[in-house]
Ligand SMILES: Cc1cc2nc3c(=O)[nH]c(=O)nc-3n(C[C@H](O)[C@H](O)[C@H](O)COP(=O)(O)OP(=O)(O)OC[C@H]3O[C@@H](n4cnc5c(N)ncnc54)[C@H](O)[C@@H]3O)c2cc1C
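There is one chain below, alone, in structure tokens, taken in the form predicted alone.
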């Protein structure tokens, strides 16, 4: 067996490769947190001949803004590229991930979530149509007006099971209600996305506010007061994010906020800020008014993106794979999730907590040495057992990839596994698309 890296520069080259039906893993910007790219040779075993690592980052980029305001893009267009293009036209994306250098087509194929889901919902709801190449290299078109159709005895019950998770960013398995769902969140296991049409929004001014709170390990009354207060204001508040006191240790001295305190950020439409301030911020019982501050947009984005990047870099230096969570639970179970993390923090390993607070969707990250990893993994397993009991989503944002597969199995019953089998039979008959993915058997 040989792993062969192959870079594609045109659709024609990609079509030729697909027609050869070679087992392949497709990637682009290498920003996924569930794919350890430096270990692919060992984590993508294949004993039936050559295996291809297919780099799509050099595919020619193209963007077009339609009269209705929708953005059509193809090739290696990053979220940063799209934002710059749209802003020049007075528009913006509704949502985007923290890592702006990631490519959009890859994001659609994997998790399809991002920042500002609190205000706009997930990217999944904003995809109007898409094109993909199938196992024979033939271009297919899917749109959200068509229902998902598959001759499978498992589909009806699968869709019924999904309703438990329909308010979550991502369920433990793809949606499969609309035709476009065939390629959204399926992680490149059924085809290669080449073009996407997505909704955009008029560019508008935002006001960025941060609130200083007591440490969540000590008391969550202030946290839950904010969480409950913002839920009815999703048309005015675009995002509600948290960086805990531990996160500040990964920032430079002049970037740190507060004094050993947690920080919750709000992105508020500027024309609604006075309303939000008067109706919500002025009436918080557990927050001192002197602990509410405005922050510049560029500083907010710099700090928000800087923490996860710093964690990734430190783990890489220490030679360990990140041990972190990506769980989302219902609002009712959110205090229970915070209490679980409070106990998980007591194992004697460095940690931090950040993420999409308003969506009850947090990232709890251990920062272990190699000797401490086993203790952390034991806690993570206990967490996923609880998330299953709470009927939450274990991986609400970053997908399953390779690192999370051992944890997702308990969330997949006979109807999920049966539908995956039927999908692979129809759309991947040569077993060429990421055969080691969660839908595959080998």
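Numbering follows the first chain given and starts at 1. Quick caveat, the model's predicted, so the values are computed rather than measured.
Keep in mind that the form predicted in complex with this ligand is not shown, yet the notes after this line are about it.
Engineer: Here the chain is shown alone; which of 109, 337, 353, 238 has a heavy atom within 4.5 Å of this ligand in the model of the complex?
Structural biologist: Partner contact (heavy atom, 4.5 Å) among the options: 109.
Engineer: With this ligand left out of view, choose which of 358, 324, 188, 174 has a non-hydrogen atom within 4.5 angstroms of it in the model of the complex.
Structural biologist: The option sitting close enough to the partner is 188.
Engineer: Evaluate residue 387 for contact with this ligand in the model of the complex, applying a 4.5 angstroms cut-off between non-hydrogen atoms, and reply yes or no.
Structural biologist: Residue-level check for residue 387: no, no contact with this ligand.
Engineer: With a 4.5 Å heavy atom cut-off, would you call residue 395 a contact of this ligand in the model of the complex?
Structural biologist: Taking the distances in the model of the complex, the answer for residue 395 is no, it never comes within 4.5 Å of this ligand.
Engineer: Might residue 368 be said to contact this ligand in the model of the complex, defining contact as any heavy atom within 4.5 Å?
Structural biologist: Residue 368: no, not in contact with this ligand in the model of the complex.
Engineer: Contact between residue 27 and this ligand in the model of the complex at 4.5 Å, heavy atoms?
Structural biologist: Residue-level check for residue 27: yes, a contact with this ligand.
Engineer: Mind checking whether each of 245, 250 and 344 has a heavy atom within 4.5 Å of this ligand in the model of the complex?
Structural biologist: Result no, not one residue of the spot touches this ligand.
Engineer: Of the listed stretches (211-219, 288-296, 189-197, 368-376), which one has a non-hydrogen atom within 4.5 Å of this ligand in the model of the complex?
Structural biologist: Stretch 189-197 is the one.
Engineer: Quick one: which residues from 155-169 get a non-hydrogen atom within 4.5 Å of this ligand in the model of the complex?
Structural biologist: Residues within 4.5 Å: none in this stretch.
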